[in-house]
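First comes one chain, alone, set out as structure tokens in the form predicted on its own.
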């Protein structure tokens, strides 16, 4: 299988971005190739297109399956397994975000909660626990907010994202008319 220059550029760039999203370059390339392919691909086709070994393809496929990002299908009369992306691009983004939350944010929240349960030994630990509480509260708020966003259907989420700058203007105007309450948790 030969990729066009445009597809190749996308696939290789997506591979580089994959490392920032929580999976390695090859896994990102495999996924990108599947996303832009109009047909399901087998391991041989993936390996040939990306010039990677069958073993690399196999490990990449397993990783994508663990993230629940691809479908496996069989074609009657063909013993090979064929792969395609699972769901829409919005569903993919939600899955990646959810997996990253489980792997990165949840363990951090657990650690921060556990550290808050311990009694502080001195003023330095009291201060440190206060900062840890702030980090916990921020992560908890972001997690709750993102969960709400994930529940929106793609059309509503897309509309909300387009409103972005408009919402900040509305909040600025609101703040001009309504004085925000002073946060009792902040130092004066």
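Positions refer to the first chain, counted from 1. Just so you know, these numbers come straight off a predicted model, no measurement behind them.
In what follows, reference is made to the form predicted in complex with the DNA, a form of this protein that is not presented.
Segments offered: 138-146, 121-129, 49-57, 32-40. Contacting the DNA in the predicted bound form at heavy atom distances within 4.5 Å is 49-57.
A single residue from the set 104, 81, 98, 91 has any heavy atom within 4.5 angstroms of the DNA in the predicted bound form; that residue is 81. At a distance threshold of 4.5 angstroms between non-hydrogen atoms, residue 13 is out of contact with the DNA in the predicted bound form.
Contact annotation for residue 62: at least one heavy atom lies within 4.5 Å of the DNA in the predicted bound form. By the criterion of a heavy atom within 4.5 Å, residue 24 is counted among the residues contacting the DNA in the predicted bound form.
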